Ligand code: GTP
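Just the one chain here, laid out as structure tokens, in the form predicted on its own.
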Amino acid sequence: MKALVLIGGFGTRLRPLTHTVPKQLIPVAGKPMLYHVLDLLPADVEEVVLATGYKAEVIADYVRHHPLRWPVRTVSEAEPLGTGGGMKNAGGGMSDPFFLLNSDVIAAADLRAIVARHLEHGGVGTMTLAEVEDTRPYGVAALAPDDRITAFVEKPEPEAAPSHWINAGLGVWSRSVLDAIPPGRVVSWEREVVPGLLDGGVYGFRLTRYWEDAGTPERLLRAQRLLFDDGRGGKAPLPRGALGTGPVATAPGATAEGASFGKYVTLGPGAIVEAGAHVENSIVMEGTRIERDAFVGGSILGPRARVRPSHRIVGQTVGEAGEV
């Protein structure tokens, strides 16, 4: 099997950081969000195809310098084509069936079990579903007793939602579904294509552990907590010479002599946390400096940002080379 990974959107809810860093490359629990998504794939996947749009060259360059265990091919779009248009643009030569993954969801999912369910039902697709309270930002499925999806509504108002089970952004689809996508124009996979596939048999696969749409700062940090708690942040010991609890995913070249840490921190390459400073529940990217006696909590600091001495920041997103 091959995997088609959708890397779209402008990351507007994570600005100003995403003016220069694609959201899929923001490090979470020690590695880019995209790489946590790809970790779900079986080792014997034949090829991973990245359907890229915004900052496509940045993503291609990162993957080139940080190789994955599968052959990877990036296919960019000249202009935004939507989720369906991006699939059509990058879907040439897909396997039958193929994996379809969103690049900004953090989840515990057994993709081999999803393939088995797909083959068992013999329909055109199997879509992972997560149960949420607020369905408004998502595509929502109506389900028959055998989990066949009988209706699919994108971003309905609460009173119109057919259930609380939403598209979790991971699935297995027959190659024939790509034929249902009109070429050469913007197409929404969720609004325009999926409803027309239901007669061919689309089934839900309910996720029973964790799932997070990591598209906002709050959700991104919650995803990081989930990953650490699931052991997907590595051993994550405290940096040398630091105090506190951790876990802290410390990249090579980062230093924190005399600093202290609470739970759930990613510390990027070459980041410096000076003595007396404290960091908790945060992402600190490459080359950032947190100066003496500062406090950083619930925040995301972009590459080469600076936090001034004794300054306190809580719940902030700071762009590349920003100063607070």
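Residue numbers here begin at 1 and follow the sequence given. Computed from a predicted model, the values in this text were never measured in an experiment.
A second form of this protein, the form predicted in complex with ligand GTP, is not displayed here; the remarks below concern that form.
In the predicted bound form, ligand GTP sits within 4.5 Å of a heavy atom of Pro80. Put simply, Ser103 is close to ligand GTP in the predicted bound form: some heavy atom of it is within 4.5 Å. Interface residue remark: Gly86 is counted as part of the site for ligand GTP in the predicted bound form, having a heavy atom within 4.5 Å. Shown alone here, Ala51 lies within 4.5 Å of ligand GTP in the predicted bound form, counting heavy atoms only. No member of the trio Thr126, Ala141 and Thr150 reaches ligand GTP in the predicted bound form with any non-hydrogen atom inside 4.5 Å. Of the residues in 1 to 32, those that come within 4.5 Å of ligand GTP in the predicted bound form through at least one heavy atom are, in sequence order, Leu6, Ile7, Gly8, Gly9, Phe10, Gly11, Thr12, Arg13, Lys23, Gln24.
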